[in-house]
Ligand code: ARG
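One chain comes next, on its own, written out as structure tokens in the form predicted alone.
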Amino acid sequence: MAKKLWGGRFTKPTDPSVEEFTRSIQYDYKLAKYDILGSIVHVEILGKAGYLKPKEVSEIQSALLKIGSGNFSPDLSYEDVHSQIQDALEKKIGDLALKLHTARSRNDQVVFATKVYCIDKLTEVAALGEGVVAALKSLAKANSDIIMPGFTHMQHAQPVYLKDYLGAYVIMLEASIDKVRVAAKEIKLTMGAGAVAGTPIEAKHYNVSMDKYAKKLGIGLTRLKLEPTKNSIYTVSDRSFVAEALNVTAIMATHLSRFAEDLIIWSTKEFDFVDIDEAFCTGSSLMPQKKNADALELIRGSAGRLYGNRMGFLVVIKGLPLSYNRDMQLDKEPLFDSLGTVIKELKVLKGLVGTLKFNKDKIESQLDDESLYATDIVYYLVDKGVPFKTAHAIVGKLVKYSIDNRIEIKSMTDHELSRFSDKFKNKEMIKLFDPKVSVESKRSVKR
């Protein structure tokens, strides 16, 4: 393994099995530009505190910017991303790089980098989520006249507008996006914790604006401000911000999974409500006729993995004594996976939603099911003075009679209807089997 950031106390080389087991460079390389941002800011702080001369500050920062300007390729001979960056810096500026680690520890360093990563990716999730919401709103507007069967328990319930069905997902996603934004906003960027007890640098030197450095590194964040740590033990040991990132992504994944499930069902031959564009489907290696909604199936399936990421991480940290423990290294893979997965899903869904085409004729044919209007018949009786529970029982018997005898309710004569209630009048009831009348009678819905 390449040179480590530690080792002076050790006389024996690390056992190869331990090196392989403890290595994190294979995944924490994703923190490279965020770690470099932290190092550049730390150099400014060291300059303010008198540990570095202005020329040294400039030289170290320039070298770090060069390291962070290109694509960072992980070298698996290093223990972690911090070690590789430190070594790259030493190769560029020699012994001056050895001053970089003054007044800081990887314990503090990794917290900072992970926090900025979370803010960056959560911000991206929110923006992409807004794109899916916009696509759903556009789809709903383009199909605002379509009325479809609403479902409960996967059974026909009552007619609803397709725009309201899609609108339900809009509201779910908007609420989820709000949670994502709050999670990002609540992350406080601090330095000065050191390994656990703080550093000799005065707290005032840690009040630094980072926007100009972030921009140079291609990190699209603004209003980034560094603060001194309020409690060094808390800073290096707390990972609630990771837990929250895993939580909000799991919630969003739930909404995306449910939407994917509806589209999968609606696209089947049995439903045939919607056509999913070929660009978002795959075929079969055996059956040439197949057009499978694989992307949606993976969105549905991935939700389970994100739940596992959240719960698995909470189990890791639930019994850790203060302060830092190496167990915390295990936050990276679930964090990267959850944020990365949701980002990919949102990118796919934005394009997919924009291509959806609804089979209006097929949907309308489902509205011939008289059971969809049973509740409207109940209210018809209620409006004539029949108590609701009594009306409910009457209509239940009417529907069963209709099914058992294969007779449409709207074709029954007044005489046949009177067997159930003398309030029924065929001419009045026929109007109730109009889906437009049904949906517009629901006045509690704000449209």
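When you see a residue number, it is the position in the sequence shown, counting from 1. If you're wondering where the values come from, they're calculated on a predicted model, not measured in any experiment.
In what follows, reference is made to the form predicted together with this ligand, a form of this protein that is not presented.
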* So, in the predicted bound form, is Asn107 in contact with this ligand at a 4.5 angstroms heavy atom limit? -> yes
* Asked: Is Asp376 close enough to this ligand in the predicted bound form to count, meaning some heavy atom within 4.5 Å?
  -> no
* Asked: Are any of the heavy atoms in Arg310 no more than 4.5 Å from a heavy atom of this ligand in the predicted bound form?
  -> no
* To do: Mark Ser438 yes when one of its heavy atoms lies within 4.5 Å of a heavy atom of this ligand in the predicted bound form, and no otherwise.
  => no
* Name the residue from Trp266, Tyr213, Phe241, Tyr324 that puts a heavy atom within 4.5 Å of this ligand in the predicted bound form. => Tyr324
* To do: Scan Lys121, Lys163, His205, His82 and let me know which has any heavy atom within 4.5 Å of this ligand in the predicted bound form.
  => His82
* Contact stretch among 273-281, 180-188, 217-225, 329-337 - heavy atom within 4.5 Å of this ligand in the predicted bound form -> 329-337
* Residues within stretch 24-39 having a non-hydrogen atom within 4.5 Å of this ligand in the predicted bound form -> Ser24, Asp28
